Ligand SMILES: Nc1ncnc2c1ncn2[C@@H]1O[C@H](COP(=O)(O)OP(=O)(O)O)[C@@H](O)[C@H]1O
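The chain below stands alone, shown as structure tokens; this is the form predicted on its own.
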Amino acid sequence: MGAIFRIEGITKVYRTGDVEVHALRGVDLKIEAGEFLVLLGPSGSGKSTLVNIVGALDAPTEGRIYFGDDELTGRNDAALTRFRRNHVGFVFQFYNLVPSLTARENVALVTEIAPNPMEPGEALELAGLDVSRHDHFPAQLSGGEQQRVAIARAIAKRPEVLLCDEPTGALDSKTGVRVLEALDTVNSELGTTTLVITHNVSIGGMAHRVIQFGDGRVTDIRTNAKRIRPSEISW
């Protein structure tokens, strides 16, 4: 299907006074449309920084990044905001739901501003939330249910790309499997290019490719000839 992202020589340096922190040190990577990628590595290895740059939440110090044939590096804030709004969905470890809104209403926040959205209920069902829970408030939902609402909110605008930073980090194993099943469904049924940051090495088994990070560099790339199901993951 071709590359949806081309990342060329990306570096990221954070400066505090005279102190420099090199978060990325010359990363080159192609991400294919429709891939499910898992990014592994210790804290501080650069994986979250790379995902933030891919999602246009941060800018590289040097290097270039392309979305299809369009270069993202050098764009102004308004253009990057449009890119995020139109093309990218985000799922984080903590759900960031509006507590005074129901699950359906939390998803509707996105569908009201998207050009071609799903119905909120459709997105919630795709994310695996039982229809009987759609009109419950976040405080009435379990952690796994809240994460599925967050996934539904991220996919409701039909983004080409879904970026997930430790989406199961705050969940027990049983609930984590259900969340991973929701992400796998989104990838397979919608063809959404999906990047998942995790510390759980076993989750790499369900990916098309596993990208290993260390000291700001890609240290290894592994392709899975056969992907495992989320239910087969060891916790």
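Residues carry their position along the shown sequence, with the first being 1. Nothing here was measured: the structure is a model prediction, and the numbers come from that model. By rigid core we mean the largest C-alpha set that fits within 1.5 Å across both forms.
Not on display, but discussed next: the form predicted together with the ligand.
Undergrad: In the model of the complex, does Ile221 have a heavy atom within 4.5 Å of the ligand?
TA: Heavy-atom contact with the ligand at 4.5 Å: absent for Ile221.
Undergrad: Would Ser173 show up as a contact with the ligand in the model of the complex if we use heavy atoms at 4.5 Å?
TA: So Ser173 does not count as contacting the ligand.
Undergrad: Contact with the ligand in the model of the complex for Gly44, defined as at least one heavy atom pair within 4.5 Å: yes or no?
TA: Gly44: yes, in contact with the ligand in the model of the complex.
Undergrad: Any chance Ser48 has a heavy atom within 4.5 Å of the ligand in the model of the complex?
TA: Yes, Ser48 sits close enough to the ligand in the model of the complex that at least one of its heavy atoms falls within 4.5 Å.
Undergrad: Only one of 60 to 68, 201 to 209, 181 to 189, 35 to 43 gets a heavy atom within 4.5 Å of the ligand in the model of the complex; which is it?
TA: Stretch with heavy atoms near the partner: 35 to 43.
Undergrad: Do you see a C-alpha shift of 2 Å or more at Val19 between the shown form and the other one, with the core held fixed?
TA: Shift of 2 Å or more: yes.
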